[in-house]
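What follows is one chain in structure tokens, specifically the form predicted alone.
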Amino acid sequence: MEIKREDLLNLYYYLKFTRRLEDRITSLYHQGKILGGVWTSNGMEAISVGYSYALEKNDIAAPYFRDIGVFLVRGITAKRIMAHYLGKKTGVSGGREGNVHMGDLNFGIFGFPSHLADNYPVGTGAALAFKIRGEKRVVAACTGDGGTSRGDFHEAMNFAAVRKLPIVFICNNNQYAYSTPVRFQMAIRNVAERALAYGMNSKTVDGNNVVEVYKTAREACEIARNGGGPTFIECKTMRMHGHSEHDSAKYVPKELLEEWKKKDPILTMEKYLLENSFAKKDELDGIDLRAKKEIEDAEKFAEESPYPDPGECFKGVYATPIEAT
């Protein structure tokens, strides 16, 4: 599959944009400006950016809590995300929710129901609706390696395979489910082997290579869109920060982090673009400056935005009753 130069540069931009946004959110958290916790995708940005960039406008994403790249790629602005973290009225949830809990169906993004695999059956339900309606739309749902050990993961996988639903399952295998390494979760070598039990297509890719993630996801989306059923894609990567920003991750061997540090997805993409003459260094520097400026503008916007009116706290929480006639 050939990728246009414009798309390659866009992929690079979203990698930098995601990293810069989360780095700034982390700084604000340590300054005490963000309550609760902060969970980032540092070192794993290629997964959310790659699979979401493979989707078409009318497709649906069911991301998990390390997928902030999905929100940016699908069109939710850094301003709204930053305001969301600061609990402001202009945030994605209008100040009613915090941290990574967000979604917006106007951009084809489900707000995930938990940090684990609950979005797999939710995404599967949407894929079933698409098939019943005869719509050529696809769902991409993501969870971590730990999420694949839950029952809802297996229920969704089995149902989607039996019904040949238009869904692509993504697994962010970042080696640890909080502090539990993969080797203590499962006896198999690759998480993708779990999909074989359901007769489902499965692939294992380099989760730090955004081009590989994008190509694989794009092919899987086309298979699903044309009636070929679901595909499971395991993206091998490494979580470079703790489970969250309050976790020191002392349980992770330092040599393992050093090994994966050399495989940083942004450095990998920069090398790919430069060595294949898709871009020059000054052009990449310009993209980075653009991302930096947008984050600065987003923080200013969020800081200056108002907090929500307490009287509106229940608005949108419950369904609006319909009077019987």
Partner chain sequence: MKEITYLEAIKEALDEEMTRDPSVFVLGEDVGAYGGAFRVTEGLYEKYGDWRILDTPLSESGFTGAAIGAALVGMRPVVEMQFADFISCAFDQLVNVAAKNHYRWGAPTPIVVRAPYGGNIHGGPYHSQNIEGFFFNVPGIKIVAPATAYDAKGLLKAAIRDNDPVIYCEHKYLYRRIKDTIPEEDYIVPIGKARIALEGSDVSVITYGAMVHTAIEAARSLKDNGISCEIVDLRTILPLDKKTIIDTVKKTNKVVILHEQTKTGGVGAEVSALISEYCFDYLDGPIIRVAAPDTPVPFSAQMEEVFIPQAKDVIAAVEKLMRY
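What you see is a predicted model; the values in this text were computed from it and never measured. Numbering follows the first chain given and starts at 1.
The form predicted together with the partner chain exists for this protein as well; it is not shown, and the discussion that follows is about that form.
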Exercise for review: Although the partner chain is absent from this view, report whether K215 comes within 4.5 Å of it in the predicted complex, heavy atoms only.
Suggested key: no
Point to revise | Residue contact check: E234 to the partner chain in the predicted complex, 4.5 Å heavy atom | key: no
Review point. So in the predicted complex, does any heavy atom of L72 sit within 4.5 Å of the partner chain?
Key: no
Practice item. Although the partner chain is absent from this view, report whether A177 comes within 4.5 Å of it in the predicted complex, heavy atoms only. Key: yes
Practice item. Report the stretch among 167-175, 220-228, 204-212, 103-111 that approaches the partner chain in the predicted complex to within 4.5 Å, counting heavy atoms only. Key: 103-111
Check your understanding: Judged by heavy atoms and a 4.5 Å cut-off, are G147, P310 and K315 together in contact with the partner chain in the predicted complex?
Key -> yes
Review point. So which bits of 117-132 sit within 4.5 Å of the partner chain in the predicted complex, heavy atoms only?
Key: D118, P121, V122, T124, G125, A126, L128, A129, F130, K131, I132
